Structures are given as structure tokens and as C-alpha cells.
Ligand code: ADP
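Heads up, the chain below is alone and in the form predicted alone; it's given as C-alpha cells.
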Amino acid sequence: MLLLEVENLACTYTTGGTLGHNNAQRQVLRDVTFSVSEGTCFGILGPSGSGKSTLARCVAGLMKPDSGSIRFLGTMLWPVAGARKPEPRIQMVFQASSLSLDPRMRIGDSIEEGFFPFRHSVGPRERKERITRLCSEVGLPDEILRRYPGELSGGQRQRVAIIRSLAAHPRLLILDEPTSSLDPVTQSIILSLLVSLHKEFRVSLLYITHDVASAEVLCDRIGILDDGILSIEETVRPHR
């Protein structure tokens, strides 16, 4: 079953002009079309500046494209009348964990925020139990829940960001360069963790990266994004 359908997506940035010149227009995405089937991982590879993060943010609802459409489980997410409402079943893990973790909040409270869309249906006890189980799944001790982001290593913060995303029971998890800011050893640990979580939770993944080797480990299919144009490659590995 198709989970995500993106068709003819286009997005343009307005950049500041030099003295005496008007602002310049830069087209970041050009008629991008792809789909993600349920339970699979679709990778988008490309160099820096190719539009990968812009595409991820458009799918997540953090940016508005100029044209095209985005459907999720058959429901049109874009275009829509009025402001686009957040879709809690789509969650995003950023390259920098600081973008999703409030430095003033304890880790446990930050993770519990991920349950906000379901606060009326998931009680406090169930939330605590799920957080504890998720910590165990990613190899973090319970005591880390009482600490602040600044007291954690980069790898620990990224694991917390992943837990926070999984707390909302997402159907699609967008991973925007989740290992690129980490050292090689920690990169390997996080990648192995993502493979394990993908299998266990059967959450679909949209994996944004410039690293071909990690895409070959994690992805079922890949697309190459270059200068805003996406070309779909052959299957990386058979559908599991």
C-alpha cells in the first residue's frame, strides 16, 4: 500500500539581491515525484545544496512548496485550503538534535512531549511505560530521563531525538542526515539502530543522506536529487 505520494513538487527560494539589484529567485525543487510504500525505506541521495532538506521539510509540513501535491494515506496534505495542520503520523529526525530538544527541558519531559497529539487517549502510566521501553530499545539507561540535553553526548542526543519521534507512533519517519554530524563510530551505531527499529516497528522511512554506503544498508529504493531534479534508481535490495 502506498503511504506517501509526492507529485510534481516545486519550490523556489527568494535570495537577497546585491546593492541596486532585485531579489533573486532560485528554484530548489523541480517537479519532484516519488512514492513510499508502507513498511519500506526510500532514500534520497544528493550533494549539499541539492534540495534534499527542502524536500524533507515540505513533506513534514515545515515548508510550503510552490506547486505540486503531497498525499499521505490517500489524504491530500498539500495543497489544502487554509493552513496545513500537522500530521502527527509523520515525524522528523533532524541532522542536529538541538532542533528538536529544548535545552531547558529534562530528557523525560522532552520525550513525553511527543505524545502531545495523543494526550487524551494515552494515559500517564502508558506514556511512562512506552518511554522506558523505547529507552531500552535504543540502549539508553532510565536515569538519562532526568538529565538535560547539554549533559548528553551527540550520539545520546540523537537517540533521544529518535525516541521522541517514535513516541507518537508514526507511520512515516523522515530522517534528515541523522548521522552526518556524528563521529564515524557513533554513525555506525545509529545506523544499526535505525535498521533494527525499522524492522521492529515497521515504520516507513524517508531517509535523506549524501552517504551512498548507509543508503545501501538501510534503503529498499533510492532517488538521486541533483539541482532540484529527482531521478529514481533501481531497487537497492528486495522488499522485506
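All residue numbers are counted from 1 along the displayed sequence. Note that the structure is predicted; figures quoted are calculated from it, not measured.
Just so it is clear, the following notes concern the form predicted in complex with this ligand, a form of the same protein that is not shown.
*Asks:* Is residue 54 one of the residues lying within 4.5 Å of this ligand in the predicted bound form, judged by heavy atom distances?
*Replies:* Although this ligand is absent here, residue 54 would touch it in the predicted bound form, with heavy atoms inside 4.5 Å.
*Asks:* Although this ligand is absent from this view, report whether residue 231 comes within 4.5 Å of it in the predicted bound form, heavy atoms only.
*Replies:* Contact check for residue 231: no, nothing within 4.5 Å of this ligand in the predicted bound form.
*Asks:* Just to confirm, residue 26 within 4.5 Å of this ligand in the predicted bound form by heavy atoms?
*Replies:* Yes, contact at 4.5 Å.
*Asks:* I'd like to know whether residue 188 contacts this ligand in the predicted bound form, with contact meaning heavy atoms within 4.5 angstroms.
*Replies:* No, no contact at 4.5 Å.
*Asks:* This ligand isn't shown here, but in the predicted bound form, which of 194 to 202, 179 to 187, 32 to 40, 54 to 62 has heavy atoms within 4.5 Å of it?
*Replies:* Result for this chain: 54 to 62.
*Asks:* Though the partner is not shown here, which residues of 33 to 53 have a heavy atom within 4.5 Å of this ligand in the predicted bound form?
*Replies:* Residues within 4.5 Å: 47, 48, 49, 50, 51, 52, 53.
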